[in-house]
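Shown next as structure tokens: one chain only, the form predicted on its own.
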Amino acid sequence: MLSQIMAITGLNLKSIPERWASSLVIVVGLAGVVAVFTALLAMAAGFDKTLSATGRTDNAIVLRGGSDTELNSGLDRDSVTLIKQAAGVRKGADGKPLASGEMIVIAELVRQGDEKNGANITVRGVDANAFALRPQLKIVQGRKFRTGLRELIVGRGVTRQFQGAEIGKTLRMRGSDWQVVGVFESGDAHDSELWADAEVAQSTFSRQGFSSVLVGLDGANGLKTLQDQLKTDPRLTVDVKGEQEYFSGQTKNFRKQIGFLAGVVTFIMALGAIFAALNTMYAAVATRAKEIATLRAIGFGGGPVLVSVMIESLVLAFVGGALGALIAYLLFNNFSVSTLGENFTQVVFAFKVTPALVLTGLVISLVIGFFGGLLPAWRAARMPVTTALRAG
């Protein structure tokens, strides 16, 4: 039986060039399905990776109780001082608590290629310890801002997506002028931010307190120790989360929305691809009806005919899926865009066409090829020999 399957499959595959137009329908249709599916989920994967990569396991972020994001949070100076001195906070090289009171303000910049429409962007006022708490953040051009001056350092993603963020330029935000003195890279969501001295930002934007406090944790039990102490302090109403847990949670809604959209679009396109495959494979079987009947007449069984037609359908599906994955990779992998995050500010991220997405796309194309080839294969295997010979 195996020899019969191989013989018929070889004949089928060798005849594909003679039927290239109809075969191309399957390949192009499935390439489109897989390319769209992969591109949509590559966007979600890139956004997720950017925010999931933000934060360290040995840091924690403290927000006002009940606040989901830094933008909704507010802590007065006394509360920030109590948080910094709490048990569970790691000491820095100077023997003082390694913590940074930080303030979030939304500003507006004009995108590259646009003329007047602005987009929200995060301005983060930080203490000096912010750099020690985020060693992954490196100044790649220029220098750090100086304390007491209206100077900014900008994330690499900001320079790619927005105008006027180059070193030496002056940005006007909320009626105040700020000079850009440096560019930094962190490889995470902070690449979408502008950083300034917290005290200068507070006085400029008329803010009295902070949005959050980022603290270094003292050992493996630092997070629990900090949570327990702040929870029992009657002067404070705060929530404490691991830094990675906080930023990873920011992608939850986006992942759900993109996952749902990718599912709906893929399902609709897959239905079209299945019907295209059905039509193509029915035409292929009809074209070779006499050939199949002759094989059956000289002793080839219906089973090998069915399997060989299925193999042809799956081969075409695999080629289409691989082509779609390649198109998605070439067009979208590391393609940089920005979208609104949970803070209603722009988060710059790059599409990520991962091996898992490519594999999933190929599986989808094979499933479509299986169902698209099943009925034509069944028909070819069950076709009466005399009827097929007369039809040919």
Partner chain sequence: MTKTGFVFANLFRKKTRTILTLLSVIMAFLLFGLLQSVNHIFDAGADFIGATRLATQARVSFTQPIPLSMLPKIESVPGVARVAHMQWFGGVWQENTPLFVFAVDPMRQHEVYPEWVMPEAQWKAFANTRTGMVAGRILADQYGWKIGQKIPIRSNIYPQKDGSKAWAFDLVGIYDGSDENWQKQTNAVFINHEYFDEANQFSHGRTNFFMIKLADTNQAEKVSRTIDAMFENSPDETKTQTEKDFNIGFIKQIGDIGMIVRWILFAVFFTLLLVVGNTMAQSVRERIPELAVLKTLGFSDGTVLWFVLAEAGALCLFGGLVGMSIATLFGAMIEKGTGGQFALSVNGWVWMTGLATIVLMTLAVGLLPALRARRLKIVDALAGR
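Keep in mind that what you see is a predicted model, and the values were worked out from it rather than measured. Residue numbers count along the first chain shown, from 1.
Just so it is clear, the following notes concern the form predicted together with its partner chain, a form of the same protein that is not shown.
The stretch that touches its partner chain in the predicted bound form, counting heavy atoms within 4.5 Å, is 103-111, out of 305-313, 226-234, 103-111, 209-217. Interface residue among 167, 319, 265, 130, judged by heavy atoms within 4.5 Å of its partner chain in the predicted bound form: 265. Of the residues 366, 326, 350, 28, just one reaches its partner chain in the predicted bound form with a heavy atom at 4.5 Å or closer; this is 28. In the predicted bound form, no heavy atom of residue 355 sits within 4.5 Å of its partner chain. At the 4.5 Å threshold, heavy atoms of residue 67 reach its partner chain in the predicted bound form. Its partner chain in the predicted bound form is not approached by residue 135, whose heavy atoms all lie more than 4.5 angstroms from it. Interface residue remark: residue 183 is not counted as part of the site for its partner chain in the predicted bound form, having no heavy atom within 4.5 Å. Shown without its partner, the chain has 172, 173, 174, 175 in segment 166-192 as residues with a non-hydrogen atom within 4.5 angstroms of its partner chain in the predicted bound form.
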